[in-house]
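To begin, one chain is listed below as structure tokens, in the form predicted alone.
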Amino acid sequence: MNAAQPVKLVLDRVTKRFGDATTGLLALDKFDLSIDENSFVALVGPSGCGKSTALNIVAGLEQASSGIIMVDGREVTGPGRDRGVVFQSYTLMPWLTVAENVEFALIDEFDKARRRVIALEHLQLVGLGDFAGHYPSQLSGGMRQRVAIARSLSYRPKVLLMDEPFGALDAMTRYQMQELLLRIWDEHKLTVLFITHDIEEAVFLADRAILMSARPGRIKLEIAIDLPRPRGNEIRTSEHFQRLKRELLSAVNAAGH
């Protein structure tokens, strides 16, 4: 039996209200979540339930109205290199090459030669080693998202935060990206918090699926995804996979009402 992993990320009674401190929109209400090191957690729930708000607070891009967020026991007070973020939009700089986009994340840490070495290593990791000199406009959507992932991994964050990263991709590319992400996660032992509206994606990727209630966001249900790893696309047709998918879909539908 594996020893318990240490806790990597904690959200403790996190509340977020937009606008007026007493009458503004309550997006999160006493939201509690604990994620172990090297685990993969998917956050799902109805639209507007606060999933992205929770992720942005962990990233340090939003401030909680109250509550505490900790990574490795240290309180999060703003953005930091211990957390990498990948959004649905690729957020690449069109005037920079693929390699330069990755290098940009390292500009304060390493000299030019070292930045190039690290960038090329991570482009190889995501299967884009031959596209270092291309510009984002020359790449497909899936390839651009690979660049964004390479950039987020290049400075070796402890936690990878992903907000619907594959939501804009076609189904085939999405499956390929999911398999790529699992391979990277397995090789690099990352802690991942992944937001998705796609129930099948949550079941395929995660160790735990966390269902949020309709606004204000709270944790409504947790489902352990006890599928074997490593996982390939063939697992999607298994009866166990389909049962977990039905269970989570039923819970999501109930949460939206």
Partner chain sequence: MLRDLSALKENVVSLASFVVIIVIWWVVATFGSIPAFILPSPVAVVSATLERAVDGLLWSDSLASASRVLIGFLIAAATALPLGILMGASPLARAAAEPLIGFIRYMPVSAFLPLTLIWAGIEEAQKWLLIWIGTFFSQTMMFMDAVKRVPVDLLNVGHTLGFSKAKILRRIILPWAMPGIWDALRITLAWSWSWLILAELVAAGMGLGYRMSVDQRYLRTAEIFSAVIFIGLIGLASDQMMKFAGRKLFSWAEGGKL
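Predicted model, so just to flag it, every value in this text is computed and none were measured. Residue numbers count along the first chain shown, from 1.
From this point on, the text means the form predicted in complex with the partner chain, which you will not see here.
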Can F110 be called a contact residue for the partner chain in the predicted bound form at 4.5 Å between heavy atoms? no
At the 4.5 Å heavy atom threshold, is R114 in contact with the partner chain in the predicted bound form? no
Does the partner chain come within 4.5 Å of any heavy atom of R83 in the predicted bound form? yes
In the predicted bound form, does L125 come within 4.5 Å of the partner chain, counting heavy atoms only? no
Only one of 100-108, 125-133, 175-183, 69-77 has residues with a heavy atom within 4.5 Å of the partner chain in the predicted bound form, and that stretch is 100-108
Have a look at L26, L227, L221, L61 for me and say which one sits with a heavy atom within 4.5 Å of the partner chain in the predicted bound form. L61
So which bits of 150-171 sit within 4.5 Å of the partner chain in the predicted bound form, heavy atoms only? R151, Y155
